[in-house]
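The data below hold one chain only, encoded as structure tokens and taken in the form predicted on its own.
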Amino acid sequence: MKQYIKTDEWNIIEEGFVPHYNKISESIFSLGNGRMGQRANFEEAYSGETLQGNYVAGVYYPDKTRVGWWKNGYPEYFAKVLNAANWIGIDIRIGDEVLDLHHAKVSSFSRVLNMKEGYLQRSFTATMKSGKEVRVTATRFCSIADDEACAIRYSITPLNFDSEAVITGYIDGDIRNQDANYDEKFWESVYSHAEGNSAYLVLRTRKTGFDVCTGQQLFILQDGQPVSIQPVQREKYVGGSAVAVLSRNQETIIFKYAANLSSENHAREALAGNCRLVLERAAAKGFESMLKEQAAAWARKWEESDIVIEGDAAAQQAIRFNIFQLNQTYTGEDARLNIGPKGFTGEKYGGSTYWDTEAYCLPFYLATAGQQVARNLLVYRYKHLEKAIENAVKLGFSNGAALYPMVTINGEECHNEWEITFEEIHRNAAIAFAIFNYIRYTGDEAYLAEYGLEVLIGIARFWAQRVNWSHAREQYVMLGVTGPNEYENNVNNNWYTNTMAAWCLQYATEALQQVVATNPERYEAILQKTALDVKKETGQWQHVIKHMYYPEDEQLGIFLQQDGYMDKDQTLVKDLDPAQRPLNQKWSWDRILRSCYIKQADVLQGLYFLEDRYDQDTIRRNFDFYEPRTVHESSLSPCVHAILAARLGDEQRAYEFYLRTSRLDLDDYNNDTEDGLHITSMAGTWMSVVEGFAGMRVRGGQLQFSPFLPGKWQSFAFNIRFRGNVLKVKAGKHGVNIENHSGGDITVLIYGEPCEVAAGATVQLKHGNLVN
């Protein structure tokens, strides 16, 4: 664990340059706007350790699968969101020296991510090998007010010399992904043009044929006067260059406006022209006006999604960092887009969609954005239903059975580890649960008829075929699976998978009944489209539900993670030598698989999803058994444990898990932040506060809260959207306040008691009594 980030409620601050931490900081200080993202690479040249990263949403490459031994059913490729053209580049050559912090003595280094207003600022003083000393300040942002535009203000001041310098602002398209399976370059040049202070580069992805135009307009000012810029152009590289005399203590200011436009949103023949229009609009506004627009747009984001914590600056900084990165990653405006585990902050996981979206991200967007945002996440999966059916066919399933991919961009499975691709089939359940969760929260029952029912039928058909009848048990069993705990592969009867499969079958049955009652015309159309034999197939589903096998240990009173779990050595995590952690970096895979250790919530994931089914004692017994065996080496683990600990009234463990999930990247808990941030687990951080400490639930169409206050906190507050209402909830030492910022009245349950909050009114629950 590293703790070099300074504590501040609205800023992420790094003071002093430690090259060994640079890739970590590149992740932490990343910028994005839902349409594109940029790691916190330096504008000037840097020959030290770095992971260059600029990403454009929806643009990917099918990198040919590389495995040691091919197995039937493996996908042909791994889809990867690509490292795109580098638009931030500003080379500074002073005399015969290039400004490069890897070869300079760096002092007064500061990097600040201003989360309130959405920009990154970096400043430093560098002494070059010649002894020349310069001071640099750079500010940049990806606009969320104009999501195809970015801007940089870069200033350089010589402190002890006068010298001629060459300043070049450029776009470099000769880039590669560090994780390319065969060290390929994925881009081909289509068009390039540089003229005056403008430059444009159009690149096309090989195989998939996406075109992306990256453009810039460059301005260099000394004493307010422009410096003449000459165009620069070569293969996959365009820019503008100027010769300027740098005078001691005179600031030279560089403004660089950049844009990324893709053929996903523009006709190919119009890309360069439209890119020019975006840049002209940005330059006409100017940097300061664009920055004000950015601050105003972020103010609206924070009004919707901020969580305010009083009395604990580290916790406050952490939750805002997580919310900030979530809002940078996904805006919900485009149903073709989804959320990768690393968002726009790194190459790991390919920028593809996992079950993380449905299990962890959906609740955040349900409560903090318009209903259409969460709906688009579900529509994304509906549009991939035919691909899910094709994926199931490749594995031997039939009759419209659908297996959603573990990893995808276009709906086709592109994960190639057999124990995941073929066996981690519980991801299907997360898709179905997301439909249930969305409708439960929004009341949008029409979604079932419009989109949801078809998906549920495909998923139910898969589960009905994936189980098999055990004559020995006289029950249905599920063989050869991997549950959420990926430190167990190819197990039989994973409790979570069996439980969620049966739940899916029941929910699909109920959905059929609901749609036939509310929209019989659409119901008939769905039956015809899916060729569903309702009586025969739902009869089979009910037989599976009634006879499903669930492993249990009656003596301990727990659900067994899978058959044979108690055959393992049961040494607890606390008794492990700390030097052996993390296991995934210290142990062989064979040793991990033979151990009892759990990567992330497995049985507890099921108790979290379906908690209404289980009483407090059942949840407590399972929590007390499994948590001490959990190493939390998945970023998705601490949040579920925090929520369950909060429900159980275990304040200490709830708070510990909250800090771990919220500061996972800021403190580099798992020694992997340099690969990119854990964006999807950041949604779990929000859940830890709102579903954990605030106890928010939806039951019977009503919003419920059961808040408790961690000991270090004076209060915490957040806004919630719910069925057209906007509420502000504040829990403090003296009670709970509910403010209704809506035009209509609403009744919520507080600690199980109904509380009517009139439009525009505030109600306080104090010591169990409602007071105005």
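All residue numbers are counted from 1 along the displayed sequence. All values derive from a computational prediction rather than experimental measurement.
There is another form of this protein, the form predicted in complex with ligand BGC, and it is not shown here; the text below is about that form.
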item: Open vs blocked, site of ligand BGC as found in the model of the complex, superimposed, 2.4 Å to backbone or C-beta; value: open
item: 4.5 Å heavy atom contact with ligand BGC in the model of the complex for all of Ala432, Leu456 and Gln540; value: no
item: Candidate stretches 657-665, 82-90, 631-639, 504-512 - the one whose heavy atoms come within 4.5 Å of ligand BGC in the model of the complex; value: 631-639
item: Listed residue (Trp298, Tyr476, Tyr354, Phe255) with a non-hydrogen atom within 4.5 angstroms of ligand BGC in the model of the complex; value: Tyr354
item: Sole residue of Tyr349, Tyr119, Tyr74, Tyr447 within 4.5 Å of ligand BGC in the model of the complex, by heavy atom; value: Tyr349
item: 4.5 Å heavy atom contact, Glu486 and ligand BGC in the model of the complex; value: yes
item: Non-hydrogen atom contact Met406 with ligand BGC in the model of the complex at 4.5 angstroms; value: yes
item: Contact of Gln600 with ligand BGC in the model of the complex (heavy atom, 4.5 Å); value: yes
item: Any non-hydrogen atom of Ser688 within 4.5 angstroms of ligand BGC in the model of the complex; value: no
